[in-house]
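First comes one chain, alone, set out as structure tokens in the form predicted alone.
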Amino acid sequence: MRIVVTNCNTTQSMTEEIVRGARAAAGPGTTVLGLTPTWGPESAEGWLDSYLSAAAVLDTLRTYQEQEDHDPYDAVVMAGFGEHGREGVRELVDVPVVDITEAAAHLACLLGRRYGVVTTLERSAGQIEDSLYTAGVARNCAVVVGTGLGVLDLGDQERTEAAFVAAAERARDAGAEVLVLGCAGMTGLQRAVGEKLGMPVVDGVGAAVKLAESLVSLGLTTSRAGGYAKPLPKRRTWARPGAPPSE
């Protein structure tokens, strides 16, 4: 089985960290390939970044599929917590698509009555809440809290753990019985903080990989009967000729 994991930003080091987490969760016989968009935000932190990221991820997958020598894959994991684009990717590809936001929330619901999401910046809370609502799993979410750390600040492990634990305590006080890592860049943090807090901590990357493996093993993929029907055939311009590469 081969799973493609898409990073939602252009930071290659983050893709590598996400892929390490995905491979750690994958079962024997599953290979993981990470894809990094060549354009878009270096980190996704807000609505503008999210919409840019969604288009970039769609373009990355489209470009990969059009390569004559590309290896076939069995599922896609979208590693952007609360980011847009999952519905478009489900139209684009003919394999199961698992978003880490949905995956983490679904697993959290199996472990406790209410879960809390601990993410990076507070500005992402509303966007994550909307994503959970669209996925149908918002009812069990007690709260979304931020650590105050930016996505690119997560490399400092000690600082990140301390900020996560402080935010997690707020989530627990708000009624959370299970915690969810609210950023793909936090993957690998679940064991260390789970022991300190005495609560289950769900990593969306690992959860998405295991759900993707299950869907493939069961022979299930995205329904084409309705909202996720294949895109209508028409001319689409994917890039603006002569556009500057960055700001």
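Sequential numbering from 1, following the sequence displayed. Keep in mind it's a predicted model, so treat the numbers as computed, not measured.
Here the subject shifts to the form predicted in complex with another copy of the chain, a form of this protein not shown in this document.
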is_contact(V57, another copy of the chain) in the predicted complex, heavy atom dist at most 4.5 Å
no
Can you tell me whether E169 touches another copy of the chain? I mean in the predicted complex, with a 4.5 angstroms heavy atom cut-off.
no
Just checking whether G206 would be counted as a contact of another copy of the chain in the predicted complex - the rule being heavy atoms within 4.5 angstroms.
yes
State yes or no: in the predicted complex, is some non-hydrogen atom of G136 no more than 4.5 angstroms from a non-hydrogen atom of another copy of the chain?
yes
For the heavy atom contacts within 4.5 Å of another copy of the chain in the predicted complex, list the residues of 21 to 53 involved, in sequence order.
A25, T38, W39, G40, P41, E42, S43, A44, E45, G46, W47, L48, D49, Y51, L52
